[in-house]
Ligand SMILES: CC(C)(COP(=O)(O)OP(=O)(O)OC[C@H]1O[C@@H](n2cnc3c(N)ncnc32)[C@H](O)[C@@H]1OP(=O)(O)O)[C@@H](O)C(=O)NCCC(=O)NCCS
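Coming up is one lone chain in structure tokens, specifically the form predicted alone.
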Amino acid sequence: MPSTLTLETFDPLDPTRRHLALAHLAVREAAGRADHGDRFRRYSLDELRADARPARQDRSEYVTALVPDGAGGARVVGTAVHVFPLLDNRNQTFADVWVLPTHRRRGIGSALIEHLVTRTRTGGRSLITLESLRLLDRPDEASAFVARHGFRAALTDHRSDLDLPDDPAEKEPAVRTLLAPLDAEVAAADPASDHDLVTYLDEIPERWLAGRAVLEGRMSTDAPLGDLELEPEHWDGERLLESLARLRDAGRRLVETIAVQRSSGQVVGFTMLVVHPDHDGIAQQWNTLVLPEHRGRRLGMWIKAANLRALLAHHPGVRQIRTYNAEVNEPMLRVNRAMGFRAVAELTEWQRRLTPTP
């Protein structure tokens, strides 16, 4: 670690450390805008505080890297988030690192990563996972850096964006045109003959909670994982409610559609879109899943098209939707391409297995 560099942990919920929380956000934004331009998404103080609140499923630690500012104080030039799962995957941690563009290649990112590695070890865990994102039209600067620290690439996701007209009058006909081929394909497969769609906002109705929790758990076993070492996750209604409470505390709004098999009453598919008022009209496509035994009826297309229409009906200011899919998940990538999404970036998930401390 450079001799003038110090690392300081902080709690975003501690009012006496508000300056570090704000500096953390500023570094994230500066790094994101430098690396991703107008494809960057802001992260708000409400989101930071919500993610930092103690939860049954995980806890987070935050650390900043500071250098002297020349006036007797210190300036935050790097920052990291470190997540410790508490219910599943208790053998590992998940982390993200950001460094100001003006202070890169000075050992700051390396110091933060080694701090994360040390904390993972002292926390009794043997595996750490990092992510890096690069736009397809920009050079890849992160991969060599992360690899030098002993991480291996375990999974590559495509990030795809759907750009929509800003003018609401143009948006509805544009979406109708985009979805027309999907509507035709869905009609030919006729999933409506034995399935109903249910769309809800922000809260999952109690009657669907248990079935929806089962599908959340299946995300950890059914979604392509490449070479990622991950344990299956167990989700129940309580855990799902806690996750939704965190989402609301962060100021995020949920639009979700499920597919219910009429003959059994079983929830067999879902898709979720999330939007935040501070994200400049950018919505995030989060999880989508159809149970394997119900695939082949175009349920995925059906629920995603319905959820997109619901999103724009309730949040007409959305101008862009972003989604991530494993590069090996061709069925979902095909659905996204058919909806008008185009690949703009690659997200790599890196893992490093640690040897025990002597």
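Everything quoted here is computed from the prediction, not taken from an experiment. In case it trips you up, residue 1 is the first one in the sequence shown, and so on.
Here the subject shifts to the form predicted together with the ligand, a form of this protein not shown in this document.
Contact with the ligand in the predicted bound form, judged by any heavy atom within 4.5 Å, is made by just one of A80, I108, V268, I128: I108. Scanning R248, H234, R104, R121 against the ligand in the predicted bound form with a 4.5 Å heavy atom cut-off leaves one residue, R104. Looking at A144, you'd find a heavy atom of it within 4.5 angstroms of the ligand in the predicted bound form.
The shortest heavy atom separation between E47 and the ligand in the predicted bound form exceeds 4.5 Å. Shown alone here, T288 lies farther than 4.5 Å from the ligand in the predicted bound form, counting heavy atoms only.
Although the partner is absent here, D35 sits close enough that one of its heavy atoms falls within 4.5 Å of the ligand in the predicted bound form. Of the candidate stretches 158-166, 176-184, 192-200, 93-101, only 93-101 contains residues with a heavy atom within 4.5 Å of the ligand in the predicted bound form.
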